[in-house]
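Shown next as structure tokens: one chain only, the form predicted alone.
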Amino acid sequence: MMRVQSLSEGGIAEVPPRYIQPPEDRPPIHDDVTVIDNRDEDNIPMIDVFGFDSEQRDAVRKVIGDACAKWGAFHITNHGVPFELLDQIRGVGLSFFKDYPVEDKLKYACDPNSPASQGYGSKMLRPEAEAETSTVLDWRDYFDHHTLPLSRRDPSRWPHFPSDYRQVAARYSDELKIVAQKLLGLISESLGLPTSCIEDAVGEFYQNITISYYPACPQPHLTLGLQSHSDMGAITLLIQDHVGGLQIFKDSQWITVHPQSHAILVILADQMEIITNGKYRSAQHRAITNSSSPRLSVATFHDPAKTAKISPASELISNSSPPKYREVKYGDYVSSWYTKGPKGKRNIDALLVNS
């Protein structure tokens, strides 16, 4: 399958039909420019976590709880990940996509018949889902790394160019795991749960790092870099470059997430919504494209094992607050997500007790 970057850099004037979104899913345009702006006061919360200092924990826990309840997403600063490392992971990712011929990159191609397989790719759905006439492809290429548990980590399957790529990716994985664990503790406490409650429910992290490259698009008003969806796992930590294009759906409108160079964007995913019994909802989001500048993001997903069974935390269930979601085996949830496709939040909504 031809990569989107090759299409873009080949100088096409029109988007191939497989990338054209149905009219109801297309981003708005104004004077042939995709609209991505919104007022600063409409942007998602920016939370200083003070290096996860115990003396600031009560205040941080409260604002994180508010952000989880209202947005399902928030930026964090003073998170402890070195700024140099954030710049390095963006740098090696951008270099992989921009500085090397596609023939070299294809040596690391993922299995096109296996969803979410490790490597260099452009599409993520199962073949049977893609065969549906309604399926539209995203305007992006990506490299997916299986990073945790360590038994899944095989750096020989990651690019050897640029020369420090593998070292940077491994270090980034380790740093982001620490941040994710600390955040789950704060989120648990914000609901009055024991610190370890949500992490215990999730179990050992299955972590993937996906570096996404969104090439310039000749018709951005017809495409999406990433279709509307909520992430399937527990918690996602994302950084993006200066270009912008990530949007979160809130109060019936799409709100652009302004790039913040050294902040980390925290996105609650579907298993978090189940565990919290809907008190905190996963964030529906998408990525739009533009005609002038390619864009890069690095998303680090922290998921349960596929054998894990996820259900609402017992501490949040009572006669007045019955379970809203059915228990699900995470592997079954993943299979459904990749077979049906994301389409907003339809996969998590299908687990509602009253659905």
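Note that residue numbering follows the sequence shown and begins at 1. Predicted model only: the values in this text are computed from it and were never measured.
Below: the form predicted together with a small molecule, not depicted.
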| item | value |
| --- | --- |
| Per-stretch contact check against the small molecule in the predicted complex, the hit in 115-123, 200-208, 228-236, 145-153 (non-hydrogen atom, 4.5 angstroms) | 228-236 |
| Sole residue of Ala180, Leu246, Leu268, Val92 within 4.5 Å of the small molecule in the predicted complex, by heavy atom | Leu246 |
| The small molecule contact in the predicted complex: Tyr330, any heavy atom under 4.5 Å | no |
| Partner proximity in the predicted complex: His285 to the small molecule, non-hydrogen atom cutoff 4.5 Å | yes |
| 4.5 angstroms heavy atom contact with the small molecule in the predicted complex for Arg295 | yes |
| Residue contact check: His79 to the small molecule in the predicted complex, 4.5 Å heavy atom | no |
